[in-house]
Structure formats: structure tokens, C-alpha cells
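Single chain ahead, by itself, as C-alpha cells, in the form predicted on its own.
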């Protein structure tokens, strides 16, 4: 029987720095549902600025980040650009491929293989 993996761990390249100066790098993202992609479209911030969709979407699917009690749109807004891009790429990988892997090819033997992306942010 196949088991569907619905949550994926990650490590942000830089990390979120909270108001006390604590850096939060390790987190978990879950697979998105249809509601995760539809509900943010009703948000007035998204209606005024469609680019804000990614902020709302990530705040819904990032289920933990360091010791933060909640991952809010504000937390996502305050991420460094490289961390924001990292989460967007991860979102696409896990929701399109069902795994947090990157397809690669050996330059010497041309063998195709997958690389687990969880550790790329370290």
C-alpha cells in the first residue's frame, strides 16, 4: 500500500528573524488543497495586488517555522527574498511532483537521478 506524504521538512537559506532577534530556519510545509489556492483570491490584499497571492498561499501551507506559534502572512512578508523564493520553489516541487526532489543528471555518465531538496537551504 502506498503512503501519501503530505508534509515536507525544509531549512531556509537565511532564516526568519523575529522581533527578539531569534533566527527560525527549520520548518514544515504541507501539500496544498484546492481551498488553499481558491480562498486567497477572496482576500482584499490579493485583489488589490495579485502578487500578494504567494504570501497568503505560503502562510496557509507552511505549518511550522522554528519556534513560532503561527506562520502568518506577516511572517512570510518579512522573509528575506532568498527564503521567499526557496519556499515558492518548494511549493511548486511538492505540489507538482508530490516530492521535494530535484531531477539531476550525472555529467560523466548521463545517469538520471533525484536529489532530496530538504537540505539545500542549509
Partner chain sequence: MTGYPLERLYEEVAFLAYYLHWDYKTILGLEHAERERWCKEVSEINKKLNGDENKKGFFEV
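Positions refer to the first chain, counted from 1. Because the structure is a prediction, the values reported are computed rather than measured.
One more form of this protein, predicted together with the partner chain, exists but is not displayed; see below.
- Relative to the partner chain in the predicted complex, residues 33, 37 and 91 are all within 4.5 Å by at least one heavy atom.
- Contact with the partner chain in the predicted complex, judged by any heavy atom within 4.5 Å, is made by just one of 49, 67, 81, 96: 96.
- The shortest heavy atom separation between residue 62 and the partner chain in the predicted complex exceeds 4.5 Å.
- Among residues of the shown chain, residue 57 is one whose heavy atoms approach the partner chain to within 4.5 Å in the predicted complex.
- At a distance threshold of 4.5 angstroms between non-hydrogen atoms, residue 42 is in contact with the partner chain in the predicted complex.
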